[in-house]
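Here you get one chain, nothing else, as structure tokens; it is the form predicted on its own.
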């Protein structure tokens, strides 16, 4: 009998899962993606918009391309998830029944959780604000730029450091860098807690070589004419670049899927405690020792493939042989079309292994190819 697999969210994980399902199931089975967005853009593109090599309007791929691949796309907003009756309510489409559900709704940004930030700071993760941030930096002649991580965990852990180095390159090209201070403020004691002290120290050294100061253990309390941190420090700034606090989407929290702050899943299969319900990507939490697996697109993509293969195995009556391995990588851009390469194995029995490769033009090209190949496979 035909089954409907409903995927909530058309990000890395949702698109990867849908593509894998469509390749592995005959068309008697229906694969549906529901997302309130009309287009897809990788988060990494925001850095290129900041740098000036991309425009926002040229970087979004319509999700209508899913239809040509045999995947139903519903442009709508999820308002309720009912795991007891196997259905989801959407704002315009009403109740939608499912046989299998993949929750890939990511993490929500809550910038208003920090008093005074909205209206005074630029949200680095809001694509609409990045062009305005670029314009402000281009007109800045002297002063200070504060890049502030406002909560943990957050998506794409290297992004604040990438942004600071791109800002450094941007100001250098304008001839104003010597008159502008760049500081990074983090609530954590090291740059990348999930990567460990050695990689964190390497990142801080790279920043230091560029004259960028890293300020650990600075959790932002409020924003006014100055930044007020919970440790009592007050800091002046001219341009505030913020990475807002994250949370699980409210619709997911109301559904009962969330335990603690995020959805807990079996780390191998991506199954939740509810029958035929999987969760992948940033909406989940997978603990590795005393830290959580990074919220990053590459992990969402691999988890999406694993969830899809689990479903394909069940529908075909074959043993499931797909398991999420906790391995991934990302590129750490440093400006001037160069990028480092971070590779990690978080499920290594002896403990996580993280390797940071020095920046190069070749790695930057690989980062560009990373976007091109996936957009083509998923939507073009």
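Numbering follows the first chain given and starts at 1. The structure presented is a predicted model; accordingly, all values stated were derived computationally and were not measured.
Another form, the form predicted in complex with a small molecule, is not on view; read the next lines as being about it.
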According to a 4.5 angstroms non-hydrogen atom cut-off, is residue 251 in contact with the small molecule in the predicted complex?
yes
Check whether residue 96 has any heavy atom within 4.5 Å of a heavy atom of the small molecule in the predicted complex, and answer yes or no.
no
According to a 4.5 angstroms non-hydrogen atom cut-off, is residue 134 in contact with the small molecule in the predicted complex?
no
Residue 244, heavy atom within 4.5 angstroms of the small molecule in the predicted complex:
no
Counting only non-hydrogen atoms, the one stretch of 317 to 325, 28 to 36, 53 to 61, 349 to 357 within 4.5 angstroms of the small molecule in the predicted complex is 28 to 36
Which of 78, 306, 263, 101 has a heavy atom within 4.5 Å of the small molecule in the predicted complex?
78
The one residue among 199, 114, 171, 159 placing a heavy atom within 4.5 Å of the small molecule in the predicted complex is 159
